[in-house]
Every structure is written in structure tokens, then in C-alpha cells.
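As a starting point, one isolated chain is supplied in C-alpha cells, in the form predicted alone.
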Amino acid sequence: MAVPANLPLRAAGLPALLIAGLGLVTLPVSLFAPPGVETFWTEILVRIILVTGFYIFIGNSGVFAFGHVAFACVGGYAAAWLSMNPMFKQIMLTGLPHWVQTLQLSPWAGVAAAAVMAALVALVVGAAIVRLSDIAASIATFAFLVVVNRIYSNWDSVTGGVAPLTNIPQFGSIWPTFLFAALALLTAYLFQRSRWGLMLKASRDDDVAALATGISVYRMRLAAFVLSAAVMGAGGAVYTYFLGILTVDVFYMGLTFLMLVMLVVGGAESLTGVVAGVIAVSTVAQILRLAEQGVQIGGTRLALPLGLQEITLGIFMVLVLVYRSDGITRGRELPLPRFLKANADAR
């Protein structure tokens, strides 16, 4: 069957629309919004990077990986080691190699190094994990998350253990975070449109038929696993620079649950679902967080009970699964505006 000549133009509009939409919000936020709103939107951009990392593997392979936050942990600590003040590292992190102790890279270089570090770890770990069946692979990734957390929690001379790492530089504005979010979305889009991404989706829909046509499901899954880990590593680095302080429990169960809720709520099989899920869940979580802080009325403080945020997010996810099992976007991508469709049809 012939492929319409205007198909690439139609498809290319998707990442442009998503990135432009995020940019249209980022611009006024950076110029006019109070610090609290800017911090909230920056955190949304960070979450888009992380959830995109989940999506590259889960959305294209159909295998739920519960341990991908471990790669964000690897990336976050790699970025911190490479960007922190050398004097602090020589006093507090004596187990680091001497060249790391004396090195101080910019946050930009730290993000790139974090992505490479996470990808290398994923290549080693994924070589075994992606050979497993779907359920076994999901359990194995969760076990990997627990192992990474325990190692980083107890390796005092290298990670500082459970104590927070400080003296971590920050980007200083919202725009670098926006740029990395845009790059993450573009990377995910290019992969899903690539030959490897299309073959991986074919194996997701029917792995037996995919194998019968000669598709190496193992190789496709491993490629997606490594690429998603690289994005997660970069996201962990950006998150570390956003916080300016790092503890190992930042990258553990809480973040895993939140990222999976965002992916499922938005729609695990579409890139548009990534953005929609992050914005929707982050907004609900922020409203609940403010409600937990309460409002002072006279001599009485009205506030929701602590812990209600997690309970409500769980209920929210259940309701979405019941009434829209494939997420807010139903697994569909954002439609092109009419003027773009007209330009595409004219070609």
C-alpha cells in the first residue's frame, strides 16, 4: 500500500504542537508569574521528562517497568558527583575516584553525562531483564529499583548514604528545563516513528505474529529499554539541579507511583497522553497539597487530613481506569489544526 506523500508533514506536527503548547505556557510563567507558580510549572516540565522516559519503553513495548526510577537515581547522583564543589566532595565523598573529586562540570554537561551513565547501566541490566516474560520483566525491574535504592542508601563514602547532598548547582531559570523537556518529547517521537519503534509496537500488539515475520523482539525491547533509561537519567539530573539538594529516597516508591499514575491517567500509548497526564495529575496533587496546608479563618484552621493526597490520586487513577481504561487521550495523539492539515493536503 502506498504511503501518502503528506504523511510525514502530518506526523511532524505532533511534537511541534506539544512543544509549542508547553512553550506558550512557559513564556508568561517565566516573565510574570510569582515564584511559587514558576516552581510548580518547572516541576511539571521535569515530570514530563521522567514520564516520557517511562513512555518510551512502556508505551511502545506494552511491558510495565516498575523500576525505571532507578535510572533517574543513577543519573541524579552522576550529575551531582560531576557538578558539586570539589572541596565538598573531597571531604564528604571520599570513596569517589580522585578525578571525580576534583572535577566540576556545568549542569548542561552533567545532564549529558547522566544520560550516558544511565544508558550504560540499562544496557547491562536490560540484557537480562528484557529476555523475561512480561510479568517477570516487570517484577525484575522492581527488584532492580530496590537493589539500587539499598546500594545508594548504604554506600556512605560515595553517595553520602541517607544524608542529603548539598552544594549542587542549579540552572537558575525555567528555560533549560523546558529545553530538556522538549528534547525528551522529540526523542520519544523520533523513536516511535522509527523502524525500530514501529517493530516494537508490532510486537506489543501481537508478539507471536511479530516473531513470525522475523522481528527480534529482544533487540527491539533492549533498544527501547536503553533509550528510555537515558531519558530517565537525564530527567534525574534535571530534577537534581531543580531541587539543589539530593537524597536517595527522592528516587524511590513515591516518585515511581506518581510517574505511573501520570502515564496511566494520560494514556500509556500516546505521547500526548504523557503531557496530559502530567499536567492533570500535577494540578490535582497541587490542589490537594494546598488543601492539606489549610486556610486560616479567624481562630480556626481548615485543612484536609495529611496523606489524603496519595489516597485521592489512587482513587483518581481507579476512576480513570474504570471509565477511560486507555487514559484521558484514549491512546490517541493530538489532532493537527486545520491550517496544518490544509498545508499537508496541498502537497
Partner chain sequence: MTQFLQTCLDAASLGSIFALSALGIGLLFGILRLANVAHGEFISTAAYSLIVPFTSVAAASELFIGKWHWAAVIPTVCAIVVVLALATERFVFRPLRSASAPVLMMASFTVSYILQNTVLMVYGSQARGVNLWYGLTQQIQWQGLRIPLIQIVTIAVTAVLMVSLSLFLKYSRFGIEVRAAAEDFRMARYLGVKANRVIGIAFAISGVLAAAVALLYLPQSGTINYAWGSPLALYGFVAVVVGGMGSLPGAVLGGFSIGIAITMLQVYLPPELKPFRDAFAFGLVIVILVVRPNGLFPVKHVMKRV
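Quick caveat: nothing in here was measured; it's all calculated off a predicted structure. Residue numbers count along the first chain shown, from 1.
Omitted here: the form predicted together with its partner chain. The next part is about that form.
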Taking F144, R150 and G307 together, does each of them reach its partner chain in the predicted bound form with some heavy atom inside 4.5 Å? yes
Quick check for you: of 64-72, 44-52, 23-31, 276-284, which stretch puts a non-hydrogen atom within 4.5 Å of its partner chain in the predicted bound form? 64-72
Considering only heavy atoms, tell me if W108 and its partner chain come within 4.5 Å of each other in the predicted bound form. no
So, in the predicted bound form, is L290 in contact with its partner chain at a 4.5 angstroms heavy atom limit? no
Do I311 and its partner chain share at least one heavy atom pair within 4.5 Å in the predicted bound form? yes
Taking 4.5 angstroms as the cut-off for heavy atoms, does I315 touch its partner chain in the predicted bound form? yes
Name the residue from N154, S173, T94, T213 that puts a heavy atom within 4.5 Å of its partner chain in the predicted bound form. N154
Sole residue of S138, Q101, N167, T247 within 4.5 Å of its partner chain in the predicted bound form, by heavy atom: S138
Interface residues of 106-134 toward its partner chain, as seen in the predicted bound form [heavy atoms, 4.5 Å]: A128, I129, L132, D134
